[in-house]
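Single chain ahead, by itself, as structure tokens, in the form predicted on its own.
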């Protein structure tokens, strides 16, 4: 006799939420896969950072470009998307006290994603796809490289579709009434952007795969670039929406914060859906075939509407924390609420550091260099990686690290191992990332190119001379990368030890 639906749930003793056991297993599987690919990307980050430091220049040119390719794919795609899928299952099933629709299909999606990621990495590390993250045509990789990305994208599309189905079924079964929780609404925003992004990735890489097999004789590089940036830049916007959702979740879990005006916060997420992907245009400012009005409007007026959404969150989240803290009696002066915040809780500190670094180093730099004229001047300099390391690496990754410290006790039901290390881990990671970001930004302002292995251009027909100060700023990149990877290794060690050896919770 088949078990009843209710027998597949357990009630969380801490939150009171009903946890669907098949969803729980899928959340853990995707989160573990995410951490594995984070580790791979982090090790590559250290090797790349020490190579950009001229005093060290660790790797030869061929390995440098190979590892830049692998680093970008593992960090921006595999680590982030696996964790986001875990977050979608959590937001769609657990937060709604609902069952995950079709767990068997979700496992097929997981297998496709793992197979695609492993296939892509295998081809890259074998030296058959030294094409960087963008893989611009006419550079050609082994066909299996594109096949791996396609398999991963198909698996992720299935996972995102199951999230949508779970919300619909939860409503139909009466598991939730009224509007979905704000965190789920934010994840719904991320899922809508993700579906567009993943479909764009499939549209980009399927014909590229056919071209690599010789089935299509030519593939226009201009068409490829337009298609690719419908995937490449929106992939970061999925992270943005998911990161903001995690901020709301962590501030609620750590200090009991609630939005000052939830309808306004939801409106901000809607602005992301409507306008955030238009920021992709700044990658195409010198491409033929795109009109000047198109470039101007997308890099100014439309982009600013997405920025308005971020500004709403920028006021809403700290205000929610302040109100919650003042309700606990921290009312002396203007900032006792902030001083008495739980800075020793890695969930709170990771969220706060993510918020500050993203806001002041990532978001502001994105607004500046996303507009037309500044972008023309800096796009191919190290200042651009400085920007997206402030958003994806400092912002999204720190937020996801903070959430992990709650996922392990609440979903895996294991105590955190090494709580003393966990207390300081977000600060170590953030300190390294800040140094690396500043080094990249200052180097970019001095004209250092974003990807070039050797800034001396030895053997070039024309001499290239940069200011001597670049050796200091690039040194910051290498030192910052080393400190950040140390923080990353501590995080991975805590996560693995907690899952394997953490004391079981009731």
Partner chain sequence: MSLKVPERVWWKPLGWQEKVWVTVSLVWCLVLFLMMPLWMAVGKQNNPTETYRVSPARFLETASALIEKYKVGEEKGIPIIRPPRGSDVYLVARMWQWNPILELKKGETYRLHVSSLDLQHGLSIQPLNMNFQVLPGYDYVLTLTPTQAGEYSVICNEYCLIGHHNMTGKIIVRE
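For clarity, a rigid core is taken as the largest C-alpha set superposing within 1.5 Å between two forms. Numbering follows the first chain given and starts at 1. Every value quoted in this text rests on a predicted model; they were computed, and no experiment measured them.
Just so you know, the form predicted together with the partner chain exists too; it's not on screen, but the next bit is about it.
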Checklist outcome for this item: Answer key, the partner chain contact in the model of the complex at 4.5 Å (heavy atoms) among 259, 279, 116, 362: the residue is 259
Next on the checklist: Exactly one residue in 103, 181, 418, 207 has a non-hydrogen atom within 4.5 Å of the partner chain in the model of the complex; which is it?
Outcome noted: 181
Item to check | Heavy atom distance at most 4.5 Å to the partner chain in the model of the complex, all of 220, 371 and 378 | outcome: yes
Item to check | Partner-facing stretch of 286-294, 72-80, 148-156, 197-205, counted where any non-hydrogen atom is within 4.5 angstroms of the partner chain in the model of the complex | outcome: 286-294
Next on the checklist: Can you tell me if residue 413 lies within 4.5 angstroms of the partner chain in the model of the complex, counting non-hydrogen atoms only?
Outcome noted: no
Checklist entry - Though only this chain appears here, would residue 424 touch the partner chain in the model of the complex if you measure heavy atom gaps against 4.5 Å? => result no
Item to check | in the model of the complex, residue 215 touching the partner chain (heavy atom, 4.5 Å) | outcome: no
Checklist entry - Even though the partner chain is not shown here, does residue 266 get within 4.5 Å of it in the model of the complex, heavy atoms only? => result yes
Item to check | Contacts with the partner chain in the model of the complex - residues in 127-141 whose heavy atoms fall within 4.5 Å | outcome: 130, 131, 132, 136, 137, 138, 139
Checklist entry - Can we say the CA of residue 56 moves by at least 2 Å between the shown form and the other one when the core is superposed? => result no
